[in-house]
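Form predicted on its own, single chain, as structure tokens, below.
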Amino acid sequence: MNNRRGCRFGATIIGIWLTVLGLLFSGAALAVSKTTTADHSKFKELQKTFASGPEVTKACLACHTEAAKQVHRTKHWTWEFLNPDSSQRLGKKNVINNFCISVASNYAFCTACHVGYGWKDDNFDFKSEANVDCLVCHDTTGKYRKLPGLAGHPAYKEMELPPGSGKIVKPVDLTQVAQKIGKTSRDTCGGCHFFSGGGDGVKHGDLDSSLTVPDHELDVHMDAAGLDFTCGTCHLTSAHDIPGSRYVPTAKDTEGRHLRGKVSKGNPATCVACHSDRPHSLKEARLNDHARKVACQTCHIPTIARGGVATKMIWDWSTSGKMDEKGKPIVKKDEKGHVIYDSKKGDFVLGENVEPEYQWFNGKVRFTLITDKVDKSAGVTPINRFDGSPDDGKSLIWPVKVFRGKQPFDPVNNTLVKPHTAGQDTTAYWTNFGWDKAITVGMASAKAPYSGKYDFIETEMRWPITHMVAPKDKALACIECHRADGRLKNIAGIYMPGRDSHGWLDLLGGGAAFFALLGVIGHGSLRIFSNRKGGK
């Protein structure tokens, strides 16, 4: 008996110890990060005070020896891209848009979104590995911020920005950020892509800060409580090169689903890469037939800017420069607090829950560059053109955001212009409100001719819509397109029941249906009559 009690006591003690050890082990397991294999705070190279971003980069490169070389080969570094289809030299460095127009002469301001340090003019050293900014993509603290006007640098000391504004910016703790680096995230990618064009949600319409922590209704893939995709989940990066380009987008993915272990040259960021080109079940085979002509995004992104952040739809630079009675710049806001007029930029029209426009698109894009002629009398000038046709076998019907604007151009040389807008110098438009000085400096920076005359011209720019994917029960219903005034009312080259009508085809179809019904009634009547007769 005593022995049994002793055994039970011993077993109890062992059980308690096992429980304690289990809890300790469990606690240790929970303490281990599941998102990275390295705790950078333990690295001696990072246990120091850093005075600048390039100093941090040098420390990073002590281990990640090839990282900067890889970054140097990407569009995120060069801001330049040679389109193999059109031979146009594109990239942020070369193109013109109808938002902030151009980066030429505005580098110190615009390069707040460059993955480097120090790009303020044409003398930037693109070969310097120390100039690569590792922190902007790998920060996990949310405290790293590059400021407009500092040529891609964060604040290294307390400073008033903009000068004279009374707004004090605190310096970034580079050591803390460096010791907490990790994978890219929606926050790091969104730091630039959510705020491109001058503010939150301005440019794309399907990318804004509401995607930082989105719910299921806003994006089924990025749903923070569900699949929780980051940008990198789809834009699967290789050697720092990120797939998915607005210069050569994949309009129709013919590579099929990407399988692990299968070598593929396709774009991993397309819908087909995961869902295949027959994404619906057998019960929904008719929808799969639609996928031959209609991009997934057309049905599954019913509206853009639906996360509570408005997107700009119109920007009129020609009305800028108005002052109040004291000669001071004006800012006007609507009832929701959106800026609808700014003396520096002109009038804006914003929108939420905006229905996209639709067009055939085969992935080929051609831009109007500074060397191309424009004609004001010919109507609206396209900043970019999307090619596509119902007959080329390469196009699908895509949703696009069409951004409309009015911007300065040279009416003598008949070219768009690149004005110098940002900065504290006396030639910057946002400082002196003089277009002639601003255009003269901007065009000189772009090494392009300027006649000394300027006017304003209407422009349009197109952006393919591919984010903010709604749940399937919120996708477009059939009636949204299959009616006379439906969303695809302007799409040519296909016959759409409910939208289109041809006299002979309608007559033939109606006749076939009538005779089929007549046959069914006749057959049924004969069967009933035969049964009754047989029964007698």
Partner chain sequence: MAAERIYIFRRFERFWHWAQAATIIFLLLTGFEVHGAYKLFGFGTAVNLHTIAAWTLITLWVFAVFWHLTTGEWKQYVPTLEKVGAMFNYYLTGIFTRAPHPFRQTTLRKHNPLQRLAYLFFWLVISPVIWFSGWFYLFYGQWAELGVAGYLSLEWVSFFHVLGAYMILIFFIAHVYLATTGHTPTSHIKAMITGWEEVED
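Numbering follows the first chain given and starts at 1. Quick caveat, the model's predicted, so the values are computed rather than measured.
Beyond the structure shown, there is the form predicted together with its partner chain, which is absent from this document and is the topic of what follows.
- Residues within 4.5 angstroms of its partner chain in the predicted bound form, judged by any non-hydrogen atom, belong to 288-296 and to none of the other stretches in 429-437, 111-119, 327-335, 288-296.
- This chain lacks the partner; the member of K474, H482, K58, K69 within 4.5 angstroms of its partner chain in the predicted bound form by a non-hydrogen atom is H482.
- Although the partner is absent here, L505 is a contact residue: one of its heavy atoms lies within 4.5 angstroms of its partner chain in the predicted bound form.
- Among heavy atoms of R278, some come within 4.5 Å of its partner chain in the predicted bound form.
- Although the partner is absent here, S501 sits close enough that one of its heavy atoms falls within 4.5 Å of its partner chain in the predicted bound form.
- Its partner chain is not drawn, but in the predicted bound form it has no heavy atom within 4.5 Å of A470.
- Shown without its partner, the chain has G509, G510, A512, A513, A516, L517, V520, H523, G524, L526, R527, S530, N531 in segment 507-531 as residues with a non-hydrogen atom within 4.5 angstroms of its partner chain in the predicted bound form.
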